[in-house]
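Laid out below as structure tokens are two forms of one and the same protein chain, each shown alone and named structure 1 and structure 2.
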Structure 1
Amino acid sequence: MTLFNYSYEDTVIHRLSGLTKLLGFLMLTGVVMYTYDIRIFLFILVFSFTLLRIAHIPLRKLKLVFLYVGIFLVINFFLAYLFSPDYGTEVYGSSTLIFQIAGNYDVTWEQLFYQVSKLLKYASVIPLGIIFLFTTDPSEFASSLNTIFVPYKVTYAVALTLRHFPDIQKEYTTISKAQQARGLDISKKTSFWHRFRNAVATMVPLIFSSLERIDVITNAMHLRGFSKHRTRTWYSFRPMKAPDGVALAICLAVVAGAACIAIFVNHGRFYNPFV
């Protein structure tokens, strides 16, 4: 089973233009990156998981993705405290001690609130990216980018990248099984470093296989006269319709609401519940 694989479903999300989904993703991601308001992060998370349900994307397919993301978030959480244990108190201008560990490593409500906000900041972007990858046809997305004057050579490279994610994952699974059949054990029965060395041995043939695939695709494109003309037509082009306008209006409303909260309520990027 591949992790990032476009598969068509007859849902309102799938029927949207690739350009609409890109603009919506950029707008919502921009809101998340700018603000440090935990209320906005929670809203984006709920909104994103609602879209996942509407798009009929089963969460069981994303267990491995959520596992890796969770590990990254936990590591980031502790490293942020290790290198900046009092940054939250500087941001919110107060210090409410919970308990002290040693030296300047005090655990305060301000620091804890800041780090939880930062964790949700990163976590809220992940579902948006998943929705975009799972519901966007690479060829249709490339044609949408070309309509906003992105050179078709660039858009075609983007389409090839998205389209070959599943192929690379299938190739890795095939090589991994072949290596295990030869005695390279990467199961949980062996030590971590043993699994790591065997995983590296699996990656080497995958790299050579990917380079060979790139060479084949390049030769095929060259023989078909790719880039001979300044423009090209697209078989998978999908024009923007009324649902696209509604979707963009919703995203703009979220952006406007977040901007109003930042300007008139928070008076800045940070939501401070300690004042």
Structure 2
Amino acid sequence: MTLFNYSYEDTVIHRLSGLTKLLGFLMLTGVVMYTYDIRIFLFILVFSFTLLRIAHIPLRKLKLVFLYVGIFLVINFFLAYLFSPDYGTEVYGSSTLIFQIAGNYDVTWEQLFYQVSKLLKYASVIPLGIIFLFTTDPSEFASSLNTIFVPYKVTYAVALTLRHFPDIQKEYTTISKAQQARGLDISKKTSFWHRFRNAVATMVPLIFSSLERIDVITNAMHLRGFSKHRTRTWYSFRPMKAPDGVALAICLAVVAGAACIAIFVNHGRFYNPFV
């Protein structure tokens, strides 16, 4: 699996400007970050999975991403409980015991509700990020970032990284195979520490060959006038069009809706079903 594999498909989402997608991503994640309302999280989760479908991103392509995120969330879930088992009670101002474990480690409905909400909070952001990475043409994105006053040298660096990512991954595989041929064992048969050290050994040649590569690209870019002027134009720039407006309007509506719920219904960030 490769992580940043933009490939063009003709869907509404692919056709949107990179800037629209970035703003949409920021707005929706902003909503998720600010509020603490499980209903909003569920809504965003459903919404983002719908977008995945519209963008023709098959879920099986994302198996590994979901696996890693899943592991992270589960670990996070237990650690959160371990470090502050009473946080839910603190937040919601009540305590409804489900069962006792020992010491302060009681399990309350408040804590459980708080942690399930938190889990969904993280889970609902991931698909949004995936959509952004999978449907945005890196250079087009660089050009649209540039329009909102991010210096083009920075945006171009981002685009170049995205472009070279698959090459570097491929190179890593080859280097790693060559090391394995010499007897370096990175399979699950050896200890974690051993595997870690071996993986680092594989990184050394990768870093050196990447440095060589960077040197060549930098020269090639300068020879063709990169960084000559303070601004530049973009071949693949796509101006905002009607669908961009619609997309932004939808996102704004979600933001407004969430804000209304926070102000008028929840009277704060948290949705409290325990009052």
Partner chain sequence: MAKDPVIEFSGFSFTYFAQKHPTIKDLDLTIGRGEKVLVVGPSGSGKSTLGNCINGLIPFSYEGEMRGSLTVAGTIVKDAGVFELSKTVGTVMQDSDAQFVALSVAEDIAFALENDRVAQDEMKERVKTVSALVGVEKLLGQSPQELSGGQKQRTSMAGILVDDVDILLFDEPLANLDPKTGKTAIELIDEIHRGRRLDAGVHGEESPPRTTIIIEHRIEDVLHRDVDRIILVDGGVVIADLPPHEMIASGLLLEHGLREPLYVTALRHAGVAITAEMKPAYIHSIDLTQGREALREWYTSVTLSEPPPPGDDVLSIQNLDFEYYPDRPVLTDVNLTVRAGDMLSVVGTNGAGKSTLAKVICRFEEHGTDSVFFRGEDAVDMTITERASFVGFVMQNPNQMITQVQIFDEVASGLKHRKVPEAEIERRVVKVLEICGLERFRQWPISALSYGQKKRVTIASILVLDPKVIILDEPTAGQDYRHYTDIMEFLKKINELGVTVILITHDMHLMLEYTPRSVLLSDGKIIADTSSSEVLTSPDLVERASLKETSLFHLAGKTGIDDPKSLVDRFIEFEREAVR
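Fair warning: this is a prediction, and the values are worked out from it, not measured in the lab. For clarity, a rigid core is taken as the largest C-alpha set superposing within 1.5 Å between two forms. Here, residue number means position along structure 1's sequence, counting from 1.
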Here the form predicted in complex with its partner chain is displayed as structure 2
Among I130, T136, S124, A159, which is located at the hinge of the rigid-part motion between the two structures?
A159
Rotational displacement of the smaller rigid part between the two structures, which moves against the larger, in degrees:
9
N198: Cα shift between the two structures after core superposition, Å, came to 4.3
